[in-house]
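Given next, in structure tokens, is a single chain: the form predicted alone.
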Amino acid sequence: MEELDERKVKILNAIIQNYLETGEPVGSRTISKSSDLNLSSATIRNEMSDLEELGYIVQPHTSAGRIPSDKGYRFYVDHLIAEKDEEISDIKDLMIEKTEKMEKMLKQVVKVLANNTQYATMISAPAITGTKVKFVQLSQVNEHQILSVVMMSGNIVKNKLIDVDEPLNSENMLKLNMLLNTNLNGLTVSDINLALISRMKAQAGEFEAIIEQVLQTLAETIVDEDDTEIYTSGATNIFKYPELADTQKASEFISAFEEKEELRNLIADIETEGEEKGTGIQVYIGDESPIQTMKDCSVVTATYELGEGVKGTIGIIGPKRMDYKNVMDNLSHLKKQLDQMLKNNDD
């Protein structure tokens, strides 16, 4: 970026913005008419030649205008990210308390994003990673049922009704609660190994089946990557863009959205990078995409956090000439939209 002076930056931005709007190669005359640079066509042509030599734009055909290269898009996007970073940071404050509302909300969000951007969109349900056991509480519901309440970090609560042959007296209930909390408090689910399970069952004696049921409840808090729920919308929007409407490309793209396996791989890659970069916006342009079927696209993602260890991913996929500003604006306003949905659902 240091190799570009202010004039080159303005011309490059004008080329990219014109190409985003029209999808047609941009010439020097167009730039001189549509911008406030007050430069002659000859001067603009010279600057465009320099930008082409530096790899920011390319000339697809002889005597045609220029279009942005991946490097040009990257320059444009990085500047937008810097501008939007503060707006996007509050997406991490997102908190959804009731599981039954989440699916409806995520489906609404992904549809709104698809409608607002006219691109393909996806959002993954929040996955629980590295959460720890805060406490376990067993209580008698009736003669033949015990309620197990497991509180995890991130305010995640798991309830399970456990059938018993006969009611437990208060002393046995107290012993089981002490056994569970002494052994499990502060542990992640991955910390609970076979040796610990065997020891707890032995200490529980005749009540080992109850311990097994509680541990099963804990195991259910782990979401396998292969089972990550992903909601999608707007896949057919790609047909609006000629560069993506090729029959084979479109078929592969639609297949990726329907089968979702590649989307799960994308999310896994994003989460890995997110550990290093944080939970802000990430943009993959062309060959930067980890998904083969999206090498002709740009993918813009953001990670949202619902609490300690609970995260999900939002993604918008479109042509490389996508309206990056509009996409980032939509992501930055996402928290506000979700907050409003929560308020409406609580009324």
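Since we're looking at a predicted model, the values are computed, not measured. One rule holds for the numbers: they count along the sequence shown, beginning at 1.
Below: the form predicted in complex with the DNA, not depicted.
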Per contact check vs the DNA in the predicted complex (non-hydrogen atom within 4.5 angstroms), the hit among 41-49, 281-289, 294-302, 316-324 is 41-49
Is residue 311 one of the residues lying within 4.5 Å of the DNA in the predicted complex, judged by heavy atom distances? no
Indicate whether residue 8 is a 4.5 Å heavy atom neighbour of the DNA in the predicted complex. no
Would residue 28 sit within 4.5 Å of the DNA in the predicted complex, counting heavy atoms only? yes
Tell me, yes or no, whether residue 59 is in contact with the DNA in the predicted complex, where a contact means a heavy atom of each within 4.5 Å. yes
